[in-house]
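Take a look at this single chain, the form predicted on its own, given in structure tokens.
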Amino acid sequence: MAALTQAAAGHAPARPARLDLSRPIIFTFAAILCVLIVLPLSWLFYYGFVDRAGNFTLGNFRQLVSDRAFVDPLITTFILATTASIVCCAVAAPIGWLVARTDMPVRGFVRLLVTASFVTPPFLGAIAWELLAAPNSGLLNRAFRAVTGAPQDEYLFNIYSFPGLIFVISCYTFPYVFVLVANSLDRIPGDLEDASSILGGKTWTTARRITIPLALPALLAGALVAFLQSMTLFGSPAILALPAGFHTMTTKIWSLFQYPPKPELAAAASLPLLVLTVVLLRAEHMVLGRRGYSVLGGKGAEPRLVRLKFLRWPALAVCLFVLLNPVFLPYGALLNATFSKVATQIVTPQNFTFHNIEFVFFELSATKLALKNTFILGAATATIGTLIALVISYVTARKAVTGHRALGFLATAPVAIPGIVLGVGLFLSYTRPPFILYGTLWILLIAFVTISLPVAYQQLQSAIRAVHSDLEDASRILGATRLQALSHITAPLLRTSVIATWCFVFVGVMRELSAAIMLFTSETKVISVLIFDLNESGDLAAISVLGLFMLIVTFATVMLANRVPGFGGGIRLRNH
């Protein structure tokens, strides 16, 4: 019998050798990753340390710290970011506590409204507040003069001011703090608070000694995130600060590319912003990674809700009043301007019109091109970015190649690159041979893929880690290559996460302004840039139509992604 078995084995047909392209393809993706990230940063560093003749110099940085034209925006940016982060914490922390740890009515609805402010592009919110609080034409100021009989030159609000800029940025940055604080409070088990109550601790004593210390790291991390977002925003400062006569660092960098361009100074001004961003993100990681408090035992009890009693409805009223500013009033202003013959007049049956919609979509020539470019770039970025993120996250999660940690670092590195800084780096990289891409959609595609890569990578890596490797190992034993195991086994199991990631990347492209404003030409405008241009020409009605269209597409895509079965949790959208 043994002889027969050996004979049979000896005559068994040999399995044909398969060409394994896994490693070449994986290394190709690694090379793409390096080109996306390392190349623009390399040119950024190069230009920061050379003069116009190409000689090494530190003069660019000396000018940054000695010229008031650069020192003032730096100081302004620091004060702006610090103040906005304090305001965000002061507003978001109480609302997060009310939503997560009290019996306030309709808490889910309040969370939904915060999400609405979260997905609203800050530059669109700034334009909406122009409609509301411009000194002469703002709806709120017009209402104030109508009620009080004040003369035309008096106003209640002036959005074109430093306090106005802080207010608008805080409106669309506080959701970051809210999410961190509310999620942290949701995870605190009720056992600890119950134990405190059993030992005689009152509600405030329990909050001071148990709840607040456990949630404090999330609040500190939220403050850092708010500081970072406020520091790197371009859209809101460009819309509100420039008419008020002052610069932030992002608007100053953008102005250095106006005629005559000064790329060396722009690169030098971008580097401190890049370094500070890296430091803040590292600090956020260290704060969130603290393990000073831990819960021993099994699954904790559900969080214990604080009974507000007669304060339930006043607490809800306070939350809704706060959410007037990022949601109800701006959305109402955009809706009013869309259907009013005069954007800054309240719509009535006498001045109601559909002409604004007709003008934007059928008469404004730039609209069709911007919509076409946006959807092409959105679909291409979502597809390419999700594919790259899927392969890189698989390689890092399964430790498939040597150097997988470096790939993971490169995939998350763009989160530390402000959009305006990336735009400068790409402009310097692709306006000279051998890759002259400026003036084409390719350079915008590279920018959008780079910006979207971190969130796509983090989401898909978490999903891959949740899939056990046994099925892949079985397919490898049966002769499949690693790439075949990914395409035939792992990817189908990740279908829901891949679809949801694609949707959120697409939404991110629609919102992106900071990098696009540095790289567009007349033939490569996208919706966000078109809105920015229309704001400079003062066509607020057309802006409102495009803004509502952007919001409708954004909300529809987010709802579609959240309805994908098995998709847990949202993806952080980058504000610009």
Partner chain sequence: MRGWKFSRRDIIKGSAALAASAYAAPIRAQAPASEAVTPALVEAAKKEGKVVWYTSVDLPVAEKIAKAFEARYPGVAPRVERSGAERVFQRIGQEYGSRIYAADVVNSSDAAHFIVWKRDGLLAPYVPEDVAKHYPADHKDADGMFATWRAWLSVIGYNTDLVKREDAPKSFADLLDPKWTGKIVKAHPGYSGTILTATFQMARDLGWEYFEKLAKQKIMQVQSSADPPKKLSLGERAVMADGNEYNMFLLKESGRPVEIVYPTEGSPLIIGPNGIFKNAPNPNAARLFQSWMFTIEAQQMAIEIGGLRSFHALAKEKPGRKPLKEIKLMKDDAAAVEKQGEDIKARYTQLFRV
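Keep in mind that this is a model prediction, so the values were computed, not measured. Residue numbers count along the first chain shown, from 1.
Below: the form predicted in complex with its partner chain, not depicted.
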Report task. Although its partner chain is absent from this view, report whether E284 comes within 4.5 Å of it in the model of the complex, heavy atoms only. Result -> no
Query raised in the report: Do T344 and its partner chain share at least one heavy atom pair within 4.5 Å in the model of the complex?
Result: yes
Query raised in the report: Do L534 and its partner chain share at least one heavy atom pair within 4.5 Å in the model of the complex?
Result: yes
Query raised in the report: Any of the heavy atoms of R511 lying within 4.5 Å of its partner chain in the model of the complex?
Result: no
Requested in this report: Kindly indicate whether Y160, T521 and K525 are, all three, within 4.5 angstroms of its partner chain in the model of the complex, using heavy atoms.
Outcome: yes
Report task. Answer with one of P217, G332, P135, P94: the residue that has a non-hydrogen atom within 4.5 Å of its partner chain in the model of the complex. Result -> P135
Query raised in the report: Since exactly one of P263, G439, P272, G408 fits, which has a heavy atom within 4.5 Å of its partner chain in the model of the complex?
Result: G439
Query raised in the report: In terms of non-hydrogen atoms within 4.5 angstroms, which of the given stretches 473 to 481, 411 to 419, 448 to 456, 146 to 154 touches its partner chain in the model of the complex?
Result: 146 to 154
Report summary line: Restricting to 350 to 375, the residues within 4.5 Å of its partner chain in the model of the complex through any heavy atom are F359, F362, E363, L364, S365, A366, L369
